[in-house]
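Shown here is one chain on its own, the form predicted alone, set out as structure tokens.
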Amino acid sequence: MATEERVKILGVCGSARKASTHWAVNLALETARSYPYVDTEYVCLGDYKLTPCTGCMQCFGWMHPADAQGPYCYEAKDDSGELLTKMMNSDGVILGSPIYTLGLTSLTRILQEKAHMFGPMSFTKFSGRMRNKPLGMITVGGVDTAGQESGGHDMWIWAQGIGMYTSGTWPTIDDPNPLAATLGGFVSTCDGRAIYGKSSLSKEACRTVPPTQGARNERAIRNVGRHVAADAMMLKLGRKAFADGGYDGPTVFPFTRYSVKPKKNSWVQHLIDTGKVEFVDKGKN
């Protein structure tokens, strides 16, 4: 089957270990590749140097260089720029995180914080670059209610903040109900023979007969891959059809008036110089 359009799905494992979450994200990517129009890439955050955000604001538009070639952390000079560029160049993202102490991992949270430059408040040249792309969510807990859904909520609200849509895990003809979850791949290793093992989410590693939990885990995870892949293509084709049809829509632009004095050669200064933003002294309406 030949297809003119293709989509690329980026799988991100938010663990320092390559264990259950690594296995789950790769299963979702493998399933996404079952569609002939899908390419995938996988990254594990544990393989990258990531330094917590300090709120230095150097990546905000009034300091951010107008000639920046890509997202970049100007204080830490870590690997977040490489990861954010991979996100920008993808058509959809599958994000997986283990649940540690009822929440997402610190590595996952660092990536989320560094991605704020895609949002409106940072007002950089990269604002909006993740808009109208799908996010598939995978959270892995050692017990059935270890915080998987609250971790998924954190992923969902982050996705909303940078303009992404979240894809669910609706049952499909290939993987019908019962699933581990329908909002995302919210799965558990509780019935795995080794709950911290590499494939403890799988049917094969399940200690129960029949392997009920493993089966439900796999169904949910595979459906994450299917829905992100299909949603990415539908959104990509939809954006193209919208533009080709000449339809009017909102022009996304965070600020038309700015009261923080921008640095020389910054992105906001460029917008002021080109007449797109009006600089207004603080205290004036």
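As the structure is a computational prediction, the values presented were derived from the model and not from experiment. For every residue, the number given is its place in the sequence shown, counted from 1.
Below: the form predicted in complex with a small molecule, not depicted.
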Of 99, 111, 135, 206, the one that lies within 4.5 Å of the small molecule in the predicted bound form (heavy atoms): 99
Among the candidates 163, 120, 171, 142, the residue which, in the predicted bound form, approaches the small molecule to within 4.5 Å (heavy atoms): 142
4.5 Å heavy atom contact, residue 196 to the small molecule in the predicted bound form: yes
Is residue 15 near the small molecule? Define near as a heavy atom within 4.5 Å, in the predicted bound form. yes
Determine whether any heavy atom of residue 19 comes within 4.5 Å of a heavy atom of the small molecule in the predicted bound form, and answer yes or no. yes
Verify the contact flag for residue 93: yes if a non-hydrogen atom of it lies within 4.5 Å of a non-hydrogen atom of the small molecule in the predicted bound form, no if not. no
With the partner removed from view, which of 84-92, 71-79, 121-129, 142-150 is the stretch that lies within 4.5 Å of the small molecule in the predicted bound form, judged by heavy atom distances? 142-150
